[in-house]
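Take a look at this single chain in structure tokens; it is the form predicted alone.
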Amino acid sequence: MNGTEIYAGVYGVGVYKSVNNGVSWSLTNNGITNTNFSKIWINGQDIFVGTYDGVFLLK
């Protein structure tokens, strides 16, 4: 979670974001070149995704 945003990853598909407590989700891959990821982490307002191609900043 990041404030009111919830992030969830689906291996091989990408990262989803919900802004309404999980009622609906939108795919938010924003430049990720490989959806086979191993980590999602938050540092302040930044959302990072670790993939086999490197680390990507979602926001």
Partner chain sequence: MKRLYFLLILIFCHHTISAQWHQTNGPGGGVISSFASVGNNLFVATSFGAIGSYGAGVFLSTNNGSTWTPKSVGLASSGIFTLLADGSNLYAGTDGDLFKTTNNGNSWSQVNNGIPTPYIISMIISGTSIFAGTADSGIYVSNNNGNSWSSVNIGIANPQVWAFA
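Being a predicted model, the structure only gives us computed values, none of them experimental. Residue numbers count along the first chain shown, from 1.
There is also a form predicted in complex with the partner chain; it is not shown, and the following applies to it.
Contact annotation: E5 falls outside 4.5 Å of the partner chain in the model of the complex, judged by heavy atom distances.
With a 4.5 Å cutoff on heavy atoms, N43 counts as touching the partner chain in the model of the complex. Under a 4.5 angstroms non-hydrogen atom cutoff, the partner chain in the model of the complex lacks N20 among its neighbouring residues. Although the partner is absent here, S38 sits close enough that one of its heavy atoms falls within 4.5 Å of the partner chain in the model of the complex. Along 20-43, these residues reach a heavy atom to within 4.5 Å of the partner chain in the model of the complex: T28, N29, N30, G31, I32, T33, S38, K39, W41, N43.
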